[in-house]
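Take a look at this single chain, the form predicted on its own, given in structure tokens.
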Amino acid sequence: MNDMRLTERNMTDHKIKMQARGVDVFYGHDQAIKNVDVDIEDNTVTAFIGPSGCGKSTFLRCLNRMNDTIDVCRVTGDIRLDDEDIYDPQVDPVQLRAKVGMVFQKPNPFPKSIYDNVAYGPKIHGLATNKAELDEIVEKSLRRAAIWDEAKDRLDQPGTGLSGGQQQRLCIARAVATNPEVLLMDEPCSALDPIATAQVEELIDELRERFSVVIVTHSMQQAARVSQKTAFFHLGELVEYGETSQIFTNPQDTRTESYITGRIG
């Protein structure tokens, strides 16, 4: 019985949520990403690490077509969410971004109330038919982002009035309010103090029970703490991808080893 449970768990651990094959990204004539293949697993935190300018954030933005907003940017290759080509002309990028949410480096709450920040996505995507349903989504999202207790008595106050760490958790609540399947985080703690960082890291660990989480981080310690899978980027290439413990203790590529030991980066 135990063996069967273990097998079942291993199978669910390794369901592929997103898959990228042969992805290239160009800004005009400059190539920023070269032939990247990677699988993003469900209910897993995947960390993208590497030196500044190595392409990790550029690649992250391919996963919800944020690069579409940059005129000179061109993405080629194949990226799939649950085996659906996200760059298919039939796919609406707005609907895609409801499924693949994003949290940015600097907390960026809308200039609206805390309630309206979280309610915005569910409203435009028609996820609530009345005020009571919207109230429930807002509360559930704020609870998932571990900020309900701090926000519940000030829902009508501006989100911009919160502290930096609270604002970032509000942005996480806003991202999860559309019930995404994947949550992308682009250096979500780089503007936060150590206490707020610890709170967000703890939250990331809880969120992976419901979502597939991909985090870009400049902190190797953070990658080691929060992720199960790590991808190391260098000069636009995905050098190495595997279990986080293996990448940090027994890297297969000399460039990965040089980065982890501080010789490059």
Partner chain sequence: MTDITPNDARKASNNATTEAVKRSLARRNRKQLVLQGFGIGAIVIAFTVLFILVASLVRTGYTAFVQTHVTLDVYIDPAEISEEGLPRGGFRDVLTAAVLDNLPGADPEEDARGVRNILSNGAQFQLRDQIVEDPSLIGQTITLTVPLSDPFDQLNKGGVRRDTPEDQRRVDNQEMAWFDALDEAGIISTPFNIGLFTNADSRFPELAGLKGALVGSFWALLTCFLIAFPIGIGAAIYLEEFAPKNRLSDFIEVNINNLAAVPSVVFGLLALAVFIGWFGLPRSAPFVGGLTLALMTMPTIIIATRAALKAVPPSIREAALGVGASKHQVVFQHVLPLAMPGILTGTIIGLAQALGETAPLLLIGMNAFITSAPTSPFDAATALPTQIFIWADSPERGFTSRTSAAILVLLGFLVMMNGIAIYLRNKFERRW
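Everything numeric here is computed off the predicted structure, so don't read it as measured data. Numbering follows the first chain given and starts at 1.
The protein also exists as the form predicted together with the partner chain; that form is not presented, and the subsequent description refers to it.
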> Looking at 67 to 75, 80 to 88, 189 to 197, 142 to 150, which one sits within 4.5 Å of the partner chain in the predicted complex if you count heavy atoms only?
Replying inline: 67 to 75
> in the predicted complex, do 208, 225 and 239 all put a heavy atom within 4.5 Å of the partner chain?
Replying inline: no
>> Considering non-hydrogen atoms and a 4.5 Å limit, does the partner chain approach residue 164 in the predicted complex?
In response: no
>> When the contact criterion is heavy atoms within 4.5 Å, does residue 94 count as touching the partner chain in the predicted complex?
In response: yes
>> Is residue 132 part of the interface with the partner chain in the predicted complex - any heavy atom within 4.5 Å?
In response: no
>> Contact with the partner chain in the predicted complex for residue 154, defined as at least one heavy atom pair within 4.5 Å: yes or no?
In response: no
>> Need the contact residues for 169 to 207: heavy atom within 4.5 Å of the partner chain in the predicted complex, sequence order, or none if there are none.
In response: 174, 178
